[in-house]
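Read the single chain below, which is given as structure tokens and is the form predicted on its own.
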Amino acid sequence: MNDSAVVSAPPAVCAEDIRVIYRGRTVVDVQSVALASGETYALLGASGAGKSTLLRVLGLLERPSRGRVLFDGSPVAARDLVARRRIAAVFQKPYLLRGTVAHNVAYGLRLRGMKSAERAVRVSAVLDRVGLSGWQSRSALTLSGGEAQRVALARALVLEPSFLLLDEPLSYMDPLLKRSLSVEFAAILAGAHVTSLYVTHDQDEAAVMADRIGVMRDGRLVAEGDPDTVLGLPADEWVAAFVGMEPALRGRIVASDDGLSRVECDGSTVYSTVELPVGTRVMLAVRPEDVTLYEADAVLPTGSARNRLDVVVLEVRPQGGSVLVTLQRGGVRFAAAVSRAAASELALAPGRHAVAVFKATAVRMRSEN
């Protein structure tokens, strides 16, 4: 065997130069997007961003106005029935049939002519996988929302697809159930080793579900990467606002030792456990939920938080059950998420002085190059 370089496998699913135009208006304009085999890729964005349209194009449910879709490096199209049989989908509403759970899960297998004995084995195995072992004879009409969506997922997975589409499958559920199911769905998809495209407007859901995230705005992909980078270190001002953060800070590493990098940012010093060479210009950020606020004259507890900055409150904005507080120290601007009770106790208001504390491990950082 010669020593020539090993050629890497093509992406499981790839789209190139995709444009979708409705009545003269471009709703999707994506130069390239690729999903590796077995990964879960989340399309994250607000309503109307083009997420579901791009999902339909990649899932061969809609023909783009321009561009092409490839499976394992080979072009495919909506009329390609062989390729379409490799795809399964779960949508926002389960749309279950009358009858039993087994009847619903086996629906696609019956359409494919699979014999009843083999269907029964496949249905039993997939129900066990989604946490509904022994539910074959249950009536689909008696299921709760979460149970019905598990059945819908089982109905897709029983087909053993190579590409799974999930379009806002948890969006209509209450927050508590959504958090629980997103963790369980993530484990199920990881165990199934199926390439998955997951559409959502919920960043917490995307962070739990996805190996990689693409953020869409006005039909374009404006950010892409692993969840920690996309949600924790947004370089783009719009993306930062969308994920509830300030844009990434810029700085330069002035020292690096004992597992810590010391970064100078507009006259302020920030410590991070990300080690890069001295002199490296970097982007860095800290998630609001990782920042704790204290009164300006408070005696701070001894702890592992290396970063302690005297700050001024710029803005206080209620956000769901918490309060997002924008903070500034010189040219450094970031945010903290605190409870409403804490905001009241600290009397947080524009112009108020406070101390912001966060761990070096909470500081995301990467080279600007």
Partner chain sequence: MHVYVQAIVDAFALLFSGSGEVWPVIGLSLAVSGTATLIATAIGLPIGYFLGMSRFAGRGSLILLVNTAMGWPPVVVGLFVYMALSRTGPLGDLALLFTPQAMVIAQVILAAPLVAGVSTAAIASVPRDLRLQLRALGASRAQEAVEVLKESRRGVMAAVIAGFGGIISEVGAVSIVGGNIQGSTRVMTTAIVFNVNRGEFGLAMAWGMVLLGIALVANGALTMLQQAGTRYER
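For the two forms, the rigid core is made up of the largest set of C-alpha atoms that agree within 1.5 Å on superposition. All values reported here derive from a predicted model rather than from experimental measurement. Numbering follows the first chain given and starts at 1.
The protein also exists as the form predicted in complex with the partner chain; that form is not presented, and the subsequent description refers to it.
The putative spot formed by Leu61, Gly108 and Thr142 is fully lined by the partner chain in the predicted complex; each residue has a non-hydrogen atom within 4.5 angstroms of it. Heavy atoms of Trp238 never reach within 4.5 Å of the partner chain in the predicted complex, leaving it off the interface. A residue is said to contact a partner when one of its heavy atoms sits within 4.5 Å of a partner heavy atom; Arg287 fails this definition for the partner chain in the predicted complex, lying far away. Taking the partner from the other structure, the partner chain in the predicted complex has no heavy atom within 4.5 Å of any heavy atom of Leu176. Within this chain, Ala117 is remote from the site of the partner chain in the predicted complex, having no heavy atom within 4.5 Å.
Though the partner chain is absent from this view, in the predicted complex it lies within 4.5 Å of a heavy atom of just one residue from Met245, Ile253, Ile87, Val291, which is Ile87. Contact with the partner chain in the predicted complex, judged as any non-hydrogen atom within 4.5 angstroms, is confined among 123-131, 191-199, 275-283, 143-151 to 143-151. Contacts with the partner chain in the predicted complex, taken as any heavy atom within 4.5 Å, map to no residue of 325-346. A displacement of 2 angstroms or greater separates the C-alpha positions of His103 between this form and the one not shown, with the rigid core held in common.
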